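Given next, in structure tokens, is a single chain: the form predicted on its own.
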């Protein structure tokens, strides 16, 4: 069945997910109320077929990926999600069945993360789909955590494991050999639907001096944080939490390079002043989130070096995904 008209599509599928201040998506804008003592955090990420996902990926996973890459940005700044606006570019070849699956994914994550839609747009694209989300979150006044706030001597941490999403993309393409199917399935699942550690938001708000999520690649994104804060990091290779299936591979193996630079992790890298590390670690014990200490910030602005135990520098020609 072909897609319904634009206004019927909005009324039938997206209006039931609308927030209180959105007028059931029948107006040109929405009203957002910011509670006293809070500040509004805004982020926008878009994903497009052929770039961030495959056009024949399950539509519910496309929807969830679009939402979660934005929630990852919010949480890495210490923000709690509030609502989001959805701009959806649809190709004429898509069916209403595809749209139903997409909306099911939106609805599931709205329920999971206590979200609602406050507005958006639908439009026709020559190639697609294209999904652009603007997400809004709340932080306590003065507690927003940017990339710019780290100082020399701060301790660097990363959540979760590095490389799951990038290796999942290689599984999706059929260009990686893994020792067991369970690992392949796990990586593919993480590529299709990211699992950012959203429960870390309050910890980052309370303790981190600088923070960002890993979307384009661990090394490249870490260089962004280092440059923004005007410092550097020397990271022992052994401290990086890579998937265990890579343990027996040489440190110059393609899979290692992909894990370090490929992106789609949606884990958090953040710095904490040395005197606050013990309190930060104590606060996260009940969260069941893996945290790995990587390095102490040094005074070499924008420098990120990864070294083996014997002091050899690991040279990575492409440090992150680049669109252009």
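Residue numbers count along the first chain shown, from 1. Since the structure is predicted, the reported quantities are computational estimates derived from the model, not experimental observations.
What follows is about the form predicted in complex with a further copy of the same chain, which we do not show.
Participant: Should the three residues 187, 206 and 293 be counted as contacting a further copy of the same chain in the predicted bound form, with contact defined as a heavy atom within 4.5 Å for each?
Facilitator: Per the other structure, none of 187, 206 and 293 touch a further copy of the same chain.
Participant: Which residue among 212, 166, 71, 150 has a heavy atom within 4.5 angstroms of a further copy of the same chain in the predicted bound form?
Facilitator: Partner contact (heavy atom, 4.5 Å) among the options: 212.
Participant: Could you tell me which one of 55, 277, 51, 287 places a heavy atom within 4.5 Å of a further copy of the same chain in the predicted bound form?
Facilitator: Only one option qualifies, and that one is 51.
Participant: Look up in the predicted bound form whether residue 113 has a non-hydrogen atom within 4.5 angstroms of a further copy of the same chain, and give yes or no.
Facilitator: No, residue 113 is distant from the partner.
Participant: Do residue 132 and a further copy of the same chain share at least one heavy atom pair within 4.5 Å in the predicted bound form?
Facilitator: Result yes; residue 132 sits at the interface with a further copy of the same chain in the predicted bound form.
Participant: Is it the case that residue 13, even though its partner is missing from this view, gets within 4.5 Å of a further copy of the same chain in the predicted bound form, heavy atoms only?
Facilitator: It does not: once a further copy of the same chain is placed as it appears in the predicted bound form, residue 13 has no heavy atom within 4.5 Å of it.
Participant: Answer with yes or no whether residue 86 is in contact with a further copy of the same chain in the predicted bound form, where contact means some heavy atom within 4.5 Å.
Facilitator: Yes, residue 86 is a contact residue.
Participant: Name the stretch: of 243 to 251, 174 to 182, 189 to 197, 120 to 128, exactly one has residues whose heavy atoms fall within 4.5 Å of a further copy of the same chain in the predicted bound form.
Facilitator: Single hit among the candidates: 120 to 128.
Participant: Are there residues in 219 to 246 with a heavy atom within 4.5 Å of a further copy of the same chain in the predicted bound form, and which are they, in order?
Facilitator: The stretch touches the partner through 227, 228.
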